[in-house]
Structure formats: C-alpha cells, structure tokens
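Listed next as structure tokens is one chain, alone, in the form predicted on its own.
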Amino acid sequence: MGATYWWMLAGMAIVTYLPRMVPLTFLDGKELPPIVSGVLSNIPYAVLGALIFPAIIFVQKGNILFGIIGAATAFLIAFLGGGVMSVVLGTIGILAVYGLFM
C-alpha cells in the first residue's frame, strides 16, 4: 500500500473521531436546554426513517405494492404492540405469502 492510502485512512479516522470528541470535551458536565435535548433525542428516528423510506419504494423493481404491503404490515404489527422480532418475522411471512401469489 502506498502512502496515499495511509493518509486517507488517517484523514477518515480524524473526521470520524472529531464529531465524537468535540461534544464530550466541551459539553462535559453541562446541562443542555430541554429543547436541544428533545431535538437530539429524535435524530435517530429521523435518520432511520430517511434510510428506510427509499428502500420501501425501491424494494422490488416494477412492483411498488410489495414495499407498501411490507411497510403497512410492519406498521400494523408494531402499532398493535408487537416486538421487533414479531414485526420482522410477521412482515417476512406476509411478503412470502404475497410473493407466492404474485
């Protein structure tokens, strides 16, 4: 491996480490305002939604109904109080049955 790869690896390590180090260094022991805490606590859900939504639309080429049925099934099972495994296995089961008749 050439020096370019090592410099690239070092740069990626620094860029990955800085966003984690800066808040820990400068916010250590300080209380954030409630509005900031509220916004930061919702970021994982927003990112998850942004990652999942395109996958629902493009899960199977030419058949958007496959993704819509899967998303609706997962939402319904989760809404009814099913755990993560119930949601995953239930959605897989429904889509497997739908795939047989498609």
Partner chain sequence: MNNQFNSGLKSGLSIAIGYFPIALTFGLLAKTTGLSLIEATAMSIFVYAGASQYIALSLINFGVDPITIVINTFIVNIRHFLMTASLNEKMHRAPKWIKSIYAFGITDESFSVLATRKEEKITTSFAFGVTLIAYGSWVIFTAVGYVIGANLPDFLQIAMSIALYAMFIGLLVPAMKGNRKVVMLAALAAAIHCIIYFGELLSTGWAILVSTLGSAILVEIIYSRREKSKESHYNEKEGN
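In this text, all values refer to a predicted model and were calculated from it rather than measured experimentally. Positions refer to the first chain, counted from 1. Between two forms, the rigid core is defined as the largest C-alpha subset superposing within 1.5 Å.
There is another form of this protein, the form predicted together with its partner chain, and it is not shown here; the text below is about that form.
Its partner chain contact at Gly29 in the predicted complex, heavy atom, 4.5 Å
Answer yes; at least one heavy atom of Gly29 falls within 4.5 Å of its partner chain in the predicted complex.
After fitting the rigid core, is the C-alpha of Ser86 off by 2 Å or more between this form and the one not shown?
Shift at Ser86: below 2 Å after core fit.
Exceeds or equals 2 Å, Cα of Val97 between this form and the one not shown, core fit
Shift of 2 Å or more: no.
Using the form shown as baseline, tell whether Val47 and Leu24 are closer or farther in Cα-Cα distance in the predicted complex, where the change reaches 3 Å or more.
Val47 and Leu24 sit closer together in the predicted complex.
Did Val47 and Asp28 drift closer or farther in the predicted complex, going by a CA distance change of 3 angstroms or more?
Compared with the form shown here, the C-alpha atoms of Val47 and Asp28 sit closer together in the predicted complex, by 3 Å or more.
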